[in-house]
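The chain below stands alone, shown as structure tokens; this is the form predicted alone.
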Amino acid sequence: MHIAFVASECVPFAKTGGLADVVGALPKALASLGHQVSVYLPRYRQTKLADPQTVVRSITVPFDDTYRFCSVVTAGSSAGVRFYFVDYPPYFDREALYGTSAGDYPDNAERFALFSRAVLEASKVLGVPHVFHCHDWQSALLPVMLRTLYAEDPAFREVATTFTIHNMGYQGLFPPDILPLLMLPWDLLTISKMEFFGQVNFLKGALVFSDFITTVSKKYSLEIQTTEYGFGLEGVLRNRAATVTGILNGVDYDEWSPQTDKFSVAKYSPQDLSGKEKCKQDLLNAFGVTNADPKVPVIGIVSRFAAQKGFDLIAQIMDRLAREEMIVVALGAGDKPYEEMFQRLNKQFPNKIAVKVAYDNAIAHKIEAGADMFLMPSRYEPCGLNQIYSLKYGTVPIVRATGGLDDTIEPWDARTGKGTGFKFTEYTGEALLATVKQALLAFRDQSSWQTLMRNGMGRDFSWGASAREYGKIYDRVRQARANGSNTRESVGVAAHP
């Protein structure tokens, strides 16, 4: 089967978060199962291609104000996956992917509408897939366009769509007058389609028009159908419940393993943990922490700095946590208040809290390899990948029991020697502080702690099982389309979502 992934980021070409890791790894796993897989991405300024070849010289994308002309280049194949890049420098040759510290780019709707339409047009030349697998709001217009603008196009008559929600908190909201600019029909601005409290909601469009909806963990697929986690779209998802499922993200152990990590100063394994001490010292050096006692536990953080990630809880407890015997090393960037919070804490507690405000893949690997614990106190977390990486590195996760964090981490029980980490349920600073203290106490018994480390290192979250689950969904939606029907349930919503 031919599956075409459509996404706004993918390692190693462009990354701001876990979406890029998934789009970098899942296609390879599918290709290893015998599927033909293509991946379509924007060509950003950050996208480094060794030998780009133009495969579609000119695609005309109509907008209400003027035509825009883009091209498609390829970077060839890797692990059986072919990568294509929509090249339109006025939209994608920019400082960042989605916006700057001043906010989102004001023309994001046009940027990603052009991307979606260019993918549809390019596929007519490069090969129409059996299934388009789209990811997050940046590619959400593709299933909308497929069932409206391209509804009568015979090239796409039997093409099915699967849409994956990586984070319900990011929906792509734009004013209503964006519809005519994008050449989309006004009848999309209804409560049963894309209208959302007077705005146009790209994500909602994909939830309405896609044949099947997945998200990135079982727990999160249930959470997003509730008021607390649905961000206003829980009614749409409940209406589609028969075609909504959660498939836990896998991880790429070729990239994330202490036995092969190219960024680590030493390798180690469950059988020989001695290399972790060298990685710990290297990590502290990288953050400029000198003369630290090697017996003091190091807590690592690699994250987008945003309220979703629980940094408001960290702000509540850090004064008290700094009194404990521990060191925190944090890597990330995002919302200015949290960037400034970590920089302020670093000045206040220079021997306790170290920070790098950046996205840095090498440092992220050093944290996974060198830290003793990994902190993810998220308000919500669709899947989370860092806690899974941490397990493989023997870096014990401390998490809140939400979404994929709850699905992947088993609470440690020192009496039985079972479990892989520490987790708390109540979203409060007190609950977080108590759980961190519990982990710090457990760390004192190094014999027991090494059992805990090895428990996590023995877990397998590779992509094989998840890829097979996706394969079943592709079969289902493809067969439904081939039979002249679709898998979608009624999409009408009785009340305002």
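Keep in mind that what you see is a predicted model, and the values were worked out from it rather than measured. A residue's number is simply how far along the shown sequence it sits, counting from 1.
In what follows, reference is made to the form predicted in complex with ligand GLC, a form of this protein that is not presented.
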Check your understanding: So which of 377-385, 153-161, 83-91, 406-414 is the stretch with heavy atoms within 4.5 Å of ligand GLC in the predicted bound form?
Key -> 377-385
**Study point:** Three-residue site G18, N167 and Q308 fully in contact with ligand GLC in the predicted bound form at 4.5 Å by heavy atom
**Key:** yes
Check your understanding: Here the chain is shown alone; which of A369, V328, V216, L142 has a heavy atom within 4.5 Å of ligand GLC in the predicted bound form?
Key -> V216
**Study point:** H130, K352, R304, R238 - the one with a heavy atom within 4.5 Å of ligand GLC in the predicted bound form
**Key:** R304
Practice item. Answer with yes or no whether T243 is in contact with ligand GLC in the predicted bound form, where contact means some heavy atom within 4.5 Å. Key: no
Exercise for review: Find out whether any non-hydrogen atom of S116 is located within 4.5 angstroms of ligand GLC in the predicted bound form, and reply yes or no.
Suggested key: no
Review point. Counting only non-hydrogen atoms and a 4.5 angstroms cut-off, does N249 reach ligand GLC in the predicted bound form?
Key: yes
